[in-house]
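Before any questions on binding or motion, here is one chain by itself as structure tokens, the form predicted on its own.
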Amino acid sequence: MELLKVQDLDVYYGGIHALKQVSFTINAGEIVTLIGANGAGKSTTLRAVSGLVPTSSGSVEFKGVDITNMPAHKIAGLKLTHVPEGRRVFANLSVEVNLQLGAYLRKDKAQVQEDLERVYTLFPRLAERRRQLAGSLSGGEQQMLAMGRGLMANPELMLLDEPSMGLAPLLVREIFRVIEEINRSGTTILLVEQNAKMALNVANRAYVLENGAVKLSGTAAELLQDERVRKAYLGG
């Protein structure tokens, strides 16, 4: 089932044409990754999908509903969650309050408590630090918290923007293990990631963005073997 359909999306930042006729689809249950160099338009694509930047033309459909330029809080209410680059946790609030804020639109209180325990199972470090201020956590722990907070919205589709940025290799592996676990439990994922090799190793399909446009697409296995991708993004 087609969960997300992005068609001919154009985004401008002032006079800069940031996205140029970007089109892609995501089916329920998939991990789809967007790869490309810095400034290629990956994060802008996520922000356009989740309503954080306006689009000038094109369309975004989620579960068959046109959400193009819908306010971000309404999109979040449709079970589409965006975990932004840079974590953006509430530094002066505890870990647990940060997680509870992820569920602010939900009314199913009993299920919210179950999901909180699920997040603590996925991220045992957060359970150990549940009463600590989020600002006192390490970068890796803050990334876990940002992902956990996203999960508390009970999303059908999670947009993950650069989850491994700035993390040590051991933590990167842990974050990707959890991404796969989240996906196995039923959440579809759109992943933007500088670490193209790791992203392609967990994804079903991928799109390569260059200068704001989709230049290549295919299964992750195909792109891992593509000479152009290997040369540009996988170190040869």
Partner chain sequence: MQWQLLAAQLINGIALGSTYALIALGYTMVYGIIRLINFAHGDIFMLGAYFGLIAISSYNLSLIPAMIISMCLAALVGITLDRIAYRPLRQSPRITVLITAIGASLLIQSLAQLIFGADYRSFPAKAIPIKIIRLGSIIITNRQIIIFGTAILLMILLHLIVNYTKLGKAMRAVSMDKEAAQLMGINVDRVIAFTFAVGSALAAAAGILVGILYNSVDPYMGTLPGLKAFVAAVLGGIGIIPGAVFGGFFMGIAENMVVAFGSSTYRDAVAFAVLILVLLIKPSGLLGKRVQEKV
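For clarity, every value in this text was computed on a predicted model and none was experimentally measured. Residue numbers count along the first chain shown, from 1.
This next part talks about the form predicted together with the partner chain, which is not shown.
- Site annotation in the model of the complex: the residue of Ser43, Ser50, Thr55, Asn183 reaching within 4.5 Å of the partner chain with a heavy atom is Ser50.
- Between the partner chain and the residues Met165, Leu122, Ala91, Ala127, the one pair within 4.5 Å by heavy atoms in the model of the complex involves Ala91.
- Of the candidate stretches 205-213, 171-179, 66-74, 29-37, only 66-74 has residues with heavy atoms within 4.5 Å of the partner chain in the model of the complex.
- Contact check for Gly139: no non-hydrogen atom falls within 4.5 Å of the partner chain in the model of the complex.
- Proximity of Arg106 to the partner chain in the model of the complex falls within the 4.5 Å heavy atom cutoff.
- In the model of the complex, the partner chain sits beyond 4.5 Å of every heavy atom of Gln132.
- Taking the partner from the other structure, the partner chain in the model of the complex has no heavy atom within 4.5 Å of any heavy atom of Asn154.
- Contacts with the partner chain in the model of the complex, taken as any heavy atom within 4.5 Å, map within 139-161 to Arg149 alone.
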